[in-house]
Ligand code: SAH
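Listed next as structure tokens is one chain, alone, in the form predicted on its own.
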Amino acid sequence: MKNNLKFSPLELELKEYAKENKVPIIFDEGLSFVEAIIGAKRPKNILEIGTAIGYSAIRMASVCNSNIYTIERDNSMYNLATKNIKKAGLENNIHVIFKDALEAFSDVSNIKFDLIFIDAAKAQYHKFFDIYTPLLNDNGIVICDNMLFHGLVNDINNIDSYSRSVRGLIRKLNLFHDELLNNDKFQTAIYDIGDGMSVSIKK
């Protein structure tokens, strides 16, 4: 998938930091896909689960001036994200919540969202989806990143050489695929873009 992404000096700095420090951030291919959806949907409010260093929140906020509420449980990541968001001049658009996403519902329960972006602990995706989709407007969109987990989810019959924890994660993601595709409240498609992305539209 080709893209015409352009990066500011700060964004290039964040990409390099992520590479050097092994911080997982969205692939360029996936970022281009998400930004295209945001540009078409023009969401007023976005919920992001998994802030990391703030890279994807900064990019999403820059597309159409959306308000973004992003949840991060790791203290060092939270501190880095808030610093980077301030550097980007987006502290009025991006609100970082320092809490485990499994426990942060009350922090955003009074907000209706047009888009939810899930990019956090893969084993908890189904819980994040169930917790936060009641806050989604009709025709709202949920995007989940890393849905193919390096291609292993599509090769579930050949995962015996991996550790028990990795095998468990792959099985959970595979089950989540099935749950999404069979959820009659959402229309879902899973794309082989980046590390795999699902798009679920609330009916």
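Start at 1 and count along the sequence shown; that's the residue number. All values derive from a computational prediction rather than experimental measurement.
Keep in mind that the form predicted in complex with the ligand is not shown, yet the notes after this line are about it.
The contact with the ligand in the model of the complex, taken as any heavy atom within 4.5 Å, belongs to A121 out of V96, A121, L80, A88.
Think of it this way: in the model of the complex, the ligand has a heavy atom of just one of A52, M147, V34, I170 within 4.5 Å, and the residue is A52. From the list 38-46, 173-181, 134-142, 66-74, the contact stretch for the ligand in the model of the complex under a 4.5 Å heavy atom rule is 66-74. Taking the partner from elsewhere, every residue among I26, A101 and F128 has a non-hydrogen atom within 4.5 angstroms of the ligand in the model of the complex. In the model of the complex, the ligand lies within 4.5 Å of some heavy atom of F117.
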